[in-house]
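This document opens with one chain alone, in structure tokens, the form predicted on its own.
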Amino acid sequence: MIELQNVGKNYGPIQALNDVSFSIKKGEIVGFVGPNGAGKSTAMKIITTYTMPSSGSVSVGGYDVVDNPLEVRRIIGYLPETAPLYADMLVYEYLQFVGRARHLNGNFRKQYDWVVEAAGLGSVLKRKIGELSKGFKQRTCLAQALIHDPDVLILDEPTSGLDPLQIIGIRKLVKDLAHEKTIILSTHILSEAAAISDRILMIHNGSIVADGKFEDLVKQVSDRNSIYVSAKLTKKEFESAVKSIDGIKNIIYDEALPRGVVGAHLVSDPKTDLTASVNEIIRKQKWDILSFAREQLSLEDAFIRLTQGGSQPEGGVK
């Protein structure tokens, strides 16, 4: 549905995109994440025909963005980071205006009723847009992106300014729409990208540095195993038992626990079956266990490693 091949974009001497290639199929939700200035907005502007690539090719729904920009715009719904709204219009007037601009004609009433319900705008239809809260402005802008039932949705920070219940509603709507649409979701909120997306594209310095499911990306950058265990025993007993495990790289104790309880993050190399080794010790020593859980890299850890090539110090286990 969306295809980028060796795309580059230069702004004078500044290279915003460098040989970017990826494809997104129908029914897929892709989270597009990266640091500020990484090239996300530039890529989305090219896909929406707002700007043209300096090199390479981009097609949406089989239409080339350079040769057939009007055809591309007809099948795209776009929610930019800054909502394109007219402050003096009433909400329903704005949606009527967008419907006419999209040439909905006889299909307008059906689509209008649907987007009003989907975006939760029923209570504000006769209010001026300029008087709306940021959350309702965001929902009004989402309605304009959906009103013509586009095949492709480009959403730039779609939950910005929404309260938790509204965020849950928008996430559900996006997931429901994905059965029949292609969706790109740009966000700085890593947990949102992981929660809502089938796949994550990570961009840094104008290049794609990662592409895949979040779980796979974490595995790609993980260079350690880590578990947390706490039990009713002494520190000496704990150390004596775990020192027998080959591959232990670090032990980070939890100093906030009460007397008579030991808690620690155990970190090993990736080849060590740490969970099985500790479980065997617990069984043999008959420890009175309070907690025992495998730990994973956080979203932020994975993001830093993929975009900076950094390695978190041992003391940073989470």
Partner chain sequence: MNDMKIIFKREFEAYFYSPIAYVFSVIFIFLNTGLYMFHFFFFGNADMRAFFSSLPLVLGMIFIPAISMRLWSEEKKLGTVELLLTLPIKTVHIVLGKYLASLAFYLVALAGTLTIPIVLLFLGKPDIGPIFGGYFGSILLGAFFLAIGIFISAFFSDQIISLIITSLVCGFFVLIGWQYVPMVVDGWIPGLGSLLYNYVGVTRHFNDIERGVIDIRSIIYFLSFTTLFLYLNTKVLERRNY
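Computed from a predicted model, the values in this text were never measured in an experiment. Numbering follows the first chain given and starts at 1.
From this point on, the text means the form predicted together with the partner chain, which you will not see here.
Of the residues Ala231, Ala83, Leu201, Leu155, just one reaches the partner chain in the model of the complex with a heavy atom at 4.5 Å or closer; this is Ala83. Distance criterion of 4.5 Å from any heavy atom to the partner chain in the model of the complex singles out Val98 from the list Leu185, Val124, Leu146, Val98. For Asp246, no non-hydrogen atom is located within 4.5 Å of the partner chain in the model of the complex, even though that partner is not displayed. In the model of the complex, at least one heavy atom of Arg74 sits within 4.5 Å of a heavy atom of the partner chain. Using a 4.5 angstroms threshold between heavy atoms, Met89 counts as touching the partner chain in the model of the complex. The partner chain in the model of the complex is not approached by Lys175, whose heavy atoms all lie more than 4.5 angstroms from it. Between 31 to 39, 60 to 68, 270 to 278, 257 to 265, the stretch whose residues reach within 4.5 angstroms of the partner chain in the model of the complex through a non-hydrogen atom is 60 to 68.
Highlighted residues Tyr11, Lys45 and Tyr94: every one comes within 4.5 Å of the partner chain in the model of the complex, counting any heavy atom. Residues of 38 to 63 that come within 4.5 Å of the partner chain in the model of the complex, judged by any heavy atom, are Lys45, Thr48, Thr49, Tyr50, Thr51, Met52 in sequence order.
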